[in-house]
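Just the one chain here, laid out as structure tokens, in the form predicted on its own.
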Amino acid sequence: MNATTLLLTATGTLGLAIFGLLAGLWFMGIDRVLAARMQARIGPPIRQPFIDMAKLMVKQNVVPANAIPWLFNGAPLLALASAITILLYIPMAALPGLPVLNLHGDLVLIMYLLLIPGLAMVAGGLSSGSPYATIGAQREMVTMIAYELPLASTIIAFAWKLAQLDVATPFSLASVAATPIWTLVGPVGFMGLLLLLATMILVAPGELGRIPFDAPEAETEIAGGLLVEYSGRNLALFSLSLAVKTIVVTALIVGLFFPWNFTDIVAITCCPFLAAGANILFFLLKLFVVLFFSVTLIRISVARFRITQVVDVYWKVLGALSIVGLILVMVDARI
């Protein structure tokens, strides 16, 4: 890697990290405001997540006496760093140099990178020495295993369809974004994609630890679970990693199912900067829509599931739906 490429990669990484942090906190604020309005409450201001992070950064960082200090303090850093790393592989608005690691990212890599923030939380919870955190860590591991089946089935469906069309890199996110899958299937495949989209919409709250799939934290049962012993800067870092992961998960759904840019719909040839700005705003709008349906609407409509119900939903219901969707996409190619 030459000096110019290294500088561009470093600049892109810094820019995406800032975008992920700011956009993630902003979307979390929007989510809280919308949830409050839907429950006939006033709710906090949109800037409340920024205020919370500022407060946590200056508060005392308490490490339990029976914790493993290096792991307890290192887990939040790992969670945030890994969440930012995933952003480098995900296609976003049609801007030069994005994604930053365009030549190296594929769907399988993203699927496994998504596990790292959760594993960091598990490690942090287990290292705290709290029995509540230990229960939360066990539940987090079970949840992660449960939603892998529908997630993997969706990824296989996309890769299989692109491979069937002789695309050179069927697992590449860039290939998926460049070839909207809705244009490649007939009516049967279209129904299969709808099932896969519904599956991914319901996988998102599990990935983000939101209601109804927040059994690993469950404040009313295990007092916060994984994060019960965290405070100050460490708790802020975990919250920031969740904010970035919110952008990661919603951007992944957008990249898979809604990869179009604004300039693909409305041609803007007069000004490149205007076209880039329109694409960015359109991308943020798509993120907002996905966030609303996959996080806000679901957590307002459904109460928290027990951990056994989480497994049943992901393995029995969503697992079956994703496999049916995969089969329909495959059958569509034979009709």
Partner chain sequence: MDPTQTLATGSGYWSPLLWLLALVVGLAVALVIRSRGRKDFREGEGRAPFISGNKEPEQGGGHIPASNIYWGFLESMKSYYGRLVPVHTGVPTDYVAWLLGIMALMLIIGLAT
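Positions refer to the first chain, counted from 1. In this text, the rigid core denotes the largest set of C-alpha atoms whose superposition between the two forms falls within 1.5 Å. In this text the structure is predicted, and so the values were computed from the model without any measurement.
One more form of this protein exists, namely the form predicted in complex with its partner chain; it is left out here, but the text below deals with it.
Checklist entry - Three residues, 99, 185 and 332; all within 4.5 Å of its partner chain in the predicted bound form via heavy atoms? => result No, the whole trio is out of contact, none within 4.5 Å by any heavy atom.
Checklist entry - What stretch, of 202-210, 177-185, 255-263, 83-91, brings heavy atoms to within 4.5 Å of its partner chain in the predicted bound form? => result Looking at the partner contacts, the answer comes out as 83-91.
Next on the checklist: Please tell me whether any heavy atom belonging to residue 165 falls inside 4.5 Å of a heavy atom of its partner chain, as the geometry stands in the predicted bound form.
Outcome noted: Output for residue 165 is no: heavy atoms all beyond 4.5 Å of its partner chain.
Checklist entry - Would residue 111 count as a contact of its partner chain in the predicted bound form, using a 4.5 angstroms cut-off between non-hydrogen atoms? => result Output for residue 111 is no: heavy atoms all beyond 4.5 Å of its partner chain.
Checklist entry - Are any of the heavy atoms in residue 57 no more than 4.5 Å from a heavy atom of its partner chain in the predicted bound form? => result Looking in the predicted bound form, residue contacts with its partner chain include residue 57, since a heavy atom lies within 4.5 Å.
Checklist entry - Is there a non-hydrogen atom of residue 71 within 4.5 angstroms of a non-hydrogen atom of its partner chain in the predicted bound form? => result Close contact is absent here: in the predicted bound form, residue 71 is far from its partner chain, nothing within 4.5 Å, heavy atoms only.
Item to check | One residue of 63, 35, 280, 46 in contact with its partner chain, assessed in the predicted bound form (non-hydrogen atom, 4.5 angstroms) | outcome: After the contact test, the surviving option is 63.
Checklist entry - 116, 123, 152, 198: which sits within 4.5 Å of its partner chain in the predicted bound form by any heavy atom? => result Looking at the other structure, the residue within range turns out to be 116.
Checklist entry - Which residues from 307-335 come close to its partner chain in the predicted bound form, meaning a heavy atom within 4.5 Å? => result Heavy-atom contacts to its partner chain in the predicted bound form: 307, 308, 311, 312, 315, 316.
Checklist entry - Quick one: once the rigid core is lined up, does residue 330 have its C-alpha move by 2 Å or more between the shown form and the other one? => result No, residue 330 moves less than 2 Å.
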